[in-house]
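In the block that follows, a single chain appears as structure tokens, in the form predicted on its own.
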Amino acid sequence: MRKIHLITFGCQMNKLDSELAAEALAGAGHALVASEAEADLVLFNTCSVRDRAERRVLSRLAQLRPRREAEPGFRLGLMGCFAERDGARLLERLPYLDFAVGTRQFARLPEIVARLDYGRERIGFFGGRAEAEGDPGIGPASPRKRHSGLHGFVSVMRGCDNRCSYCIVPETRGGEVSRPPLEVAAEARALVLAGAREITLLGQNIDAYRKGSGFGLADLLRLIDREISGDAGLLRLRFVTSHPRDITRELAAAVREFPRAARHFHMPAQSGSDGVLARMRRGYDLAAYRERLAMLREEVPGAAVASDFIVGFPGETEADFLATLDLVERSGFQNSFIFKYSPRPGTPAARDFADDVPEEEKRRRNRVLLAAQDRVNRERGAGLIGTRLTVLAEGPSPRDPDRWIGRTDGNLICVFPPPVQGSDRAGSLLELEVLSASSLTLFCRLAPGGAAKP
């Protein structure tokens, strides 16, 4: 049996894929180890959304090549979106890579690892179709076995049908496949019974869950509420990611009605320019995005909304960029994830448009937009000083074990002294008072009378 070190790049869906892969491999008798040095197999779960993510993986593989060539029993493997996108070409380019497995073939990992001990066959499995039954791409899930910690992730669907011009996800993840509602609710309940206090439902375009079936994401939230209503363990339920074209008033109303649903939406705008949005094939214009933003805040008072932006998309002028800057400055986003455009081979944007914004200009626009979001964050933080917030306590901060960390319903990060020195109240809701703030963190103390809630 092998000692496997699994390294994950990319989004929350990739993190869940790694969790499921680890469960499958452990179920086959392999040991998951904490460091490369202990391992005789290093497995990378990869991302292809940006060129930088792929280059980081290639760099790490190159660093491990001397060990691969010096130790006969040491192996290297690749799974996920990069493996799906480049397929057999990766095995041709990297003679020291032992196997690569795409996003819809994860269930074969135990078989692949078993075959590594026989001869020098190099293995690749790609393509196929995600199954609707069980967790797509991995087979039936075992949440009681694989869960650890306060946060649990449940995929409700895989793939995307939107075909934004810059996005490689439809190629690497395939089209939309939704899981049966009762199966999703049962997995969420099992995670809660295993100790999770916050569940995040995942989908590349989660608002399209079972689109056209008469039972959508709003219905799924209500179903989970009913299924877990007798279990006091669930404190919060989140979902990501929302496409502005598909988000509905009904979904917002369900979030408002469900007391444990986090009042937080991740609804990427990508640009504030109608011309850029059209070339991106986003399916809405700026007025429609603003309308949906206002709808969320009307239906869910106090709702926090996060966004994504791409700067330097082909043809983006200074006027286009200033429209995006204005959107960030006026919208009060809880956070914005900001990226420089990089062409992804196989996407319509890479095929149809010249990458005509100079790299230095991309970097400048990236810095300006980050600074604008930073100002928004600081203004929000300053306005929260002296207020009380309810926070899900996660335990000691990784950066400072003498302080604890937690998040608000709106996904704001709070640090604070331990509630009672030496006691463990991780997984409890605490009432905190905000003392000061930076752009990304609120510094708090336990509010008078703010003892832990069950």
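Quick note: we count residues from 1 along the sequence shown, nothing fancier. What you are looking at is a predicted structure, and each value in this text was computed from that prediction instead of being measured.
The same protein also has a form predicted in complex with 5'-deoxyadenosine, omitted here; what follows describes it.
- Screening 342 to 350, 363 to 371, 256 to 264, 316 to 324 for residues having heavy atoms within 4.5 Å of 5'-deoxyadenosine in the predicted complex returns a single hit, 342 to 350.
- Shown without its partner, this chain lists 196, 310, 101, 156 as candidates; in the predicted complex, only 310 has a non-hydrogen atom within 4.5 angstroms of 5'-deoxyadenosine.
- Only one of the listed residues (50, 68, 388, 403) places a non-hydrogen atom within 4.5 angstroms of 5'-deoxyadenosine in the predicted complex, and that residue is 50.
- A residue is said to contact a partner when one of its heavy atoms sits within 4.5 Å of a partner heavy atom; residue 270 meets this definition for 5'-deoxyadenosine in the predicted complex.
- At the 4.5 Å threshold, heavy atoms of residue 125 stay clear of 5'-deoxyadenosine in the predicted complex, well away from it.
- Of the heavy atoms in residue 106, none are within 4.5 Å of 5'-deoxyadenosine in the predicted complex.
- Contact check for residue 289: every heavy atom lies farther than 4.5 Å from 5'-deoxyadenosine in the predicted complex.
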